[in-house]
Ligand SMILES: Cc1ncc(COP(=O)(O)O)c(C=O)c1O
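In structure tokens, one chain follows: the form predicted alone.
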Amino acid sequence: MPIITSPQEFNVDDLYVDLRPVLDCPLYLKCEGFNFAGSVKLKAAAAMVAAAERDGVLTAGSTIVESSSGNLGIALSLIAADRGYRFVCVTDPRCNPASMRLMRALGAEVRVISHQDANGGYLESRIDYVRSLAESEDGCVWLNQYANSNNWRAHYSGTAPAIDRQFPDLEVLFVGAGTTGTLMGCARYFREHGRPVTIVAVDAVGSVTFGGLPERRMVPGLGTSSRPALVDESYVDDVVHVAETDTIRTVHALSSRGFLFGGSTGTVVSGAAHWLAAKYPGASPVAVAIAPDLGERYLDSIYEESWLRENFSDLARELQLPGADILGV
């Protein structure tokens, strides 16, 4: 029986879902949402905070400031509460309301930036605000998840070796691209350890990370409106771009079988399924995809009929979600 004294000490790192009976897809899904932060971002947050403490950048009384669309902000809220730091999360209107409420419940201050950047997103606007905050207020420390090497190092030393141990014959690995920390850490590990694993990055349509054209994106998590400093395409063998309608179809297909995953996971699974069908028709390579998060934080968005009707009306009609019956008994 594990006994912990810090919330970040608990993380399930060896749980996989076989998606063959679920989606008829030869894919194992590594579930990263079973920790107190609810996502894979806990690893990067812990590594960046630990490094800042070792370097003497974070000290008693410091304030952590960071830009996040949700999951990293939650992870940093948890660590800041545990360590006694103040934390300010700078996000934008696409952040799930549940994520904002959770950060505030953990004691974080959440600031929402509504000014769009030149690409029609919010990332550059968020970063500009964080940078000005860190420069103008004493004791503010910006960890900068988009350029901090400890982001990818957390996955180089943790996530990738865990996959390697479970799947020594791994042929294909699918990783979602946000800050690209998980992607770069895993890709570097398998390349530098001489493992012949095909690394497929999964990105959202409308993201500029791999040179795509900027478009409206409503599902937070994967994709960027500004290319992350961490990304190095030389480590990536292929890139798949997934439309948000396919992301939403996939999460609903999974939830219909009892697996409630988040939007980032829906994007990764959709991209992996289409890639495998095109590259390995009728075959079953040893393939793993990383599921960054679970679905509870998306109950107000991609699982909510009114949100779908407002943002994806045709898809809402296609999915025919069951409504709630109010009984006067």
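Since we're looking at a predicted model, the values are computed, not measured. All residue numbers are counted from 1 along the displayed sequence.
One more form of this protein, predicted together with this ligand, exists but is not displayed; see below.
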| item | value |
| --- | --- |
| Residue (of Thr247, Ser77, Thr179, Ser207) lying close to this ligand in the predicted bound form, criterion heavy atoms within 4.5 Å | Thr179 |
| Interface segment, criterion being heavy atoms within 4.5 Å of this ligand in the predicted bound form, picked from 26-34, 291-299, 46-54, 277-285 | 291-299 |
| Residue contact check: Ser69 to this ligand in the predicted bound form, 4.5 Å heavy atom | yes |
| Contact flag, Ala187 vs this ligand in the predicted bound form, heavy atom cut 4.5 Å | no |
| Touches this ligand in the predicted bound form: Leu222 (any heavy atom, 4.5 Å) | yes |
| Sequence-ordered residues of 34-62 touching this ligand in the predicted bound form, heavy atom within 4.5 Å | Lys41 |
